[in-house]
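Let's start with one chain on its own, the form predicted on its own, as structure tokens.
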Amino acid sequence: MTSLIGMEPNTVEKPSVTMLGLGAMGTALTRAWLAAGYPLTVWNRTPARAAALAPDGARVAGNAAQAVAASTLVVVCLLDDSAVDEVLAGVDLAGRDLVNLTTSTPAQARARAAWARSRGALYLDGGIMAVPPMIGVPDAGGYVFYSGSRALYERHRETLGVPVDTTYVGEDAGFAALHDVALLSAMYGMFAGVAHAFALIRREDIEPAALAPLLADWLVAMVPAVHQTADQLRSGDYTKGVVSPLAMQVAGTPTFLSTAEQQGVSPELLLPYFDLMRRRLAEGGGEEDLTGVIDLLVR
């Protein structure tokens, strides 16, 4: 049997952790656990990445099966769902607590949870809301969504919270991935609006650095709309608390499109949303907030 190489585990009574996958995120997580005194066994398909952690106290396994056998808590952070299949093919997972931080879809997470159960493991899926430089940095703002086995989460909550904060979102294994994608989708929508805003001034004698604080402050001022939308969805009353009704907002859209044309800017980032607004108005939602466009999306 291939021997483990590296330093002996930290003698502090902390649970051991196995990490499979040492890309930028996996390495950051590993270093945070090592710095906190947790015994770590690591494995990576590129052995050099694992060997680089041995001087910091990591035990380097010769293969994935040996790494899994070293700890009850096994954390997986690989490229994609197919990589999880490849790495864990034929590995004995019976009695293991499997935490999968590999980016996946809700459907993939649910299928992976069933797959883990069929192999005798408890399963927890994770959606990482952080970038590697935020890992191990207190108050950096990052966290991981977790969903799946509540028992597993509660048993390892303290350990999982060492590199970055945790937020448990339910027994449905797909919920972590769903929350992850929902938040990132909103982020990309914001980035699209920011891109359009900067494009409008690109050819003018306006410094982007001068617009940036105004833009950031405006976006922050709009954040309460998120809570109002949630309240309207809960109550089913889309006219509740409306300040700028849909009919008024649709009437203003030609100004945005004309301005874009005059500035030589493509309106392609705005047009899909404006089209949804017009469709909702045509259905008679003129007195509503913008919340009604959500129902158009889910039909």
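Residue indices: 1-based, along the sequence shown. For clarity, every value in this text was computed on a predicted model and none was experimentally measured.
Another form exists, predicted in complex with a small molecule; not displayed. Remarks below refer to it.
- Of the candidates V164, L73, V87, V169, V87 is the one whose heavy atoms come within 4.5 Å of the small molecule in the model of the complex; the others do not.
- Contact with the small molecule in the model of the complex, defined as a heavy atom within 4.5 Å, holds for exactly one of L93, A130, L152, A197, namely A130.
- Only one of 51 to 59, 234 to 242, 268 to 276, 37 to 45 lies within 4.5 Å of the small molecule in the model of the complex by heavy atoms, and it is 37 to 45.
- Contact between L22 and the small molecule in the model of the complex is found at the 4.5 Å heavy atom cutoff.
- When the small molecule is considered in the model of the complex, T159 lies well away from it, no heavy atom lying within 4.5 Å.
- Using a 4.5 angstroms limit between non-hydrogen atoms, Q108 is distant from the small molecule in the model of the complex.
- In the model of the complex, none of the heavy atoms of L178 sits within 4.5 Å of a heavy atom of the small molecule.
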